[in-house]
Each structure stands twice: as C-alpha cells, then as structure tokens.
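To begin, one chain is listed below as structure tokens, in the form predicted on its own.
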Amino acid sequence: MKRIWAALWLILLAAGLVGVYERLAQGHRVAGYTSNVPWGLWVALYMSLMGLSAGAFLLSNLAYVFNVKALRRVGRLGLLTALVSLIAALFAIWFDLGHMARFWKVFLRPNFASPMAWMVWLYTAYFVTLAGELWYAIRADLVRAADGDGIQARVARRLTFGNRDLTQQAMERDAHRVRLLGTIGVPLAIAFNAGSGVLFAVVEARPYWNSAVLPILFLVSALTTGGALLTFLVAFLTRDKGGETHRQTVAFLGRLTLGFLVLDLLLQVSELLVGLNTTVPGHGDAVRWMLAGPGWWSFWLVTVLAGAVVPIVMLTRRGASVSQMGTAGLLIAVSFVAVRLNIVVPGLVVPPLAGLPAAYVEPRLAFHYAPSAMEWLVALFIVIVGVGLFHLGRNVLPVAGENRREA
C-alpha cells in the first residue's frame, strides 16, 4: 500500500513540475488572470495555507501555553503542521510574484508604510519562533533517538546540535522555553493572519473588501481550518489509533472545529446580508456575482455544501466514528480554498466604473477570471510538496504523542 501511495505522489509531483516549468519559462502569460484581475488561485491558496498554519499553531499552544490537557497529544504534530503549511504558503505567494528573484528586496529595502512589508517581517519572526518552539518540544526525544540506528537516528544526531543533556533541569528548561516561544508566537500568529484580512480591508476602491469584519473573519477561519486539518491528521495518521484516548482527542478537536465553523458561517452570512442590502456601487454586484453569477458553483457547491453542510451533519451525528470526524475535517480544510477565492475574485471582477469593460476591448483587460491549467498544476505542486514535507517530518522527527516527561 505504501508503494501505491508513493507512486501516486510521484505522478502528481511530476504533473506539478510541468506547471512549474511552464511558469518559469513563460511567466504569467499563460495564467488566467488579467490586468484588471491580477490575483487568483495562488493568492487564495496562499491565504488558505497561512490560515492553516496560524490555526494549527494557535491550537497547539492551547496545550503548551494555556495547558489544555485534551490537546497535549497533538501539540507537536500541530507545530509540524503549522511549519509545513507556512513553507507551502510562502511558495504559493512566491510563484505569484512578477519577479520571483526579487523577493529578498523586501528585507533590505522595505517600505514600512506598506502592510505587505509588515506582513513579510511578521512571517519571518513567526517562522523563527515556530521552528524554535518545535525544536525545544522534541529536543529530548531527538537525543534519545540519536542513540539508535537508521535515518531517524542520523537526522536526530544532527538536529540535537550537540545538546545531549537529559537531566531534569534540562527538561524543565525545554518546557519553559516552549511556553515562552508559544507565548511570543500566539500574538504573532494572530497579527499576521488578521493582517492578511487588513491587506484587503484597507482597499477603499474595492467596496466588497472594505470591511472591518474581514480581519476578524480571517482569524476565525484560521482557527476553523487549523482545527479541521488537525482533526483529519489525528484521526488517520497518528500511530496510536483505535484507543479510547485517541477517540476522545479526535472528538474534542471535532467539537472545537464545529464551534469555530459555526462562528465563521455567522460572520460570512452577516457580510453577505450587508452586501445584498447595500447601495454602495460594486459591493452588491460582487456578492451577486458570487451567489448567482459565474461564481455560484464555488460558493454553493464547494463552500456551502462540501465545506459546511456535509461536515456539520457528520460532526453532529450521534455516535460519529473517528473516520467520519476526520473526513469532515478534511472537507472543511480543503473547501476553504474556495472560501478564499470567493473573497479574492468577486472583489476584482466587478468593474469599479460603469462602462469600463467596453472602453477598452483586449483579452488582457477583461473583467473575468478562471484559473488556467498552469495555475492548477503549480497549485498541485505546492500541495504535493507540502504533503511530502509533512510525511518526511512525521517519519523522521519524534512528533507523535507527548514528550515522555510530559506524559
């Protein structure tokens, strides 16, 4: 069975590499967006992955910072998930850049009047904090693993960086630093994820985005998707499946995700009702484009049906099995790419001025968007690389369960 999954992963990776080659060779010429619609699938994927990272990190630190014992067994798995999601998200936005080789300039020549510059620095601080917290959380088990044989032992010996202390004082010092870095990382995760909403909310020329609710919606969505992905991972990929403790952990994550999902839906419905009843030009048109226009399938079939109705039924069903709760989590996590598309695209496809589409007739000046095959393949590459990194980390690093001293 492992060989079948490995073969499938390689096939999908090869398909994704075709899209990467096309992106590097032809740039944005074969993308589906236009001058009037410059953001599309990759931006939506980037925001979804950033939300996954922030949500998984925040939920993990409910155990480390706020001592929620029901999540102790998924703390380190959540940190690994957050780290991999962050790396994949940065890949997604990197492919969206017009000049990919110039990304480093935001570090040396930042414009701190721009929210985007602040976001990059927040990402950097978050990455360092997250990596440090994960290392201190697994350091003791890395030392123990370093005494064995095989690839895990060789990796562990390198990742200990010479720190082989297993005394009680060293273990307590590790736990203290995990809490400290978690305490620092929580406001960072909240800041950069809500900041993603700010990037849209401050654009006054796009009434559909210009909402004070958007930063809060992004934060709630992050907790929803992070909880959903952890529910799936714990349900299907942890090594101690089948026990009562495992079922209780999955059920707790499922209830947590359900609560966040209901809150997220409440915020989304509030935004839609305001948009349908506003007289602000462009706002109502964008909402109607999503509900009854070309974007109807993304909203009704993916966001509502697959991402809300089906998971809620599965999570509220009496006696729901672990596999059902895990499947519901996967549906929520995957469908949120469509949720982000429903934020990005409707705000761009509606002309800011009446008659503007007829003023210039040229394919690259159109007000419509559909992802091209190249965009889908690059998105596939990003997701497949993320899956590979997670699989590698899960099998090489001691992220399953708790630290022995914690247990």
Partner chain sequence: MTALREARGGAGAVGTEAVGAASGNGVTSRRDLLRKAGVALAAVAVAEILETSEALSVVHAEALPGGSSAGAKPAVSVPAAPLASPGSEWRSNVLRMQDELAAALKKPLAERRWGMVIDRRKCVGCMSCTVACKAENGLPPGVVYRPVIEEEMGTYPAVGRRFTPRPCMQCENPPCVPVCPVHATYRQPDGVVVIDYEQCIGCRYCITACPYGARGFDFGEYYTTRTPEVQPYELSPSHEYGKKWVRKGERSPVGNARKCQFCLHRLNAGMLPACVTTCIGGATYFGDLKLAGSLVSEMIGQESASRLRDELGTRPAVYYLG
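Bear in mind the structure is a predicted one, so any value in this text is a computation, not a measurement. Positions refer to the first chain, counted from 1.
Here the subject shifts to the form predicted together with the partner chain, a form of this protein not shown in this document.
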Is it the case that residue 293, even though its partner is missing from this view, gets within 4.5 Å of the partner chain in the predicted complex, heavy atoms only? no
**Message:** residue 67 versus the partner chain, in the predicted complex: is there a non-hydrogen atom within 4.5 Å?
**Reply:** no
- Task: Please check if residue 359 has a heavy atom lying within 4.5 Å of any heavy atom of the partner chain in the predicted complex.
- Result: yes
Under a 4.5 Å heavy atom criterion, is residue 38 part of the interface with the partner chain in the predicted complex? yes
Within 4.5 Å of the partner chain in the predicted complex, do 252, 337 and 391 each have at least one heavy atom?
no
Note: the partner chain not shown here; in the predicted complex, the stretch from 59 to 67, 46 to 54, 351 to 359, 378 to 386 having heavy atoms within 4.5 Å of it is 351 to 359
In this chain shown alone, the residue from 106, 191, 216, 263 with a heavy atom within 4.5 Å of the partner chain in the predicted complex is 106
Heavy atom within 4.5 Å of the partner chain in the predicted complex, from candidates 245, 169, 114, 277, belongs to 114
Those residues of 25 to 57 with a non-hydrogen atom no more than 4.5 Å from the partner chain in the predicted complex are 26, 27, 28, 29, 33, 34, 35, 38, 39
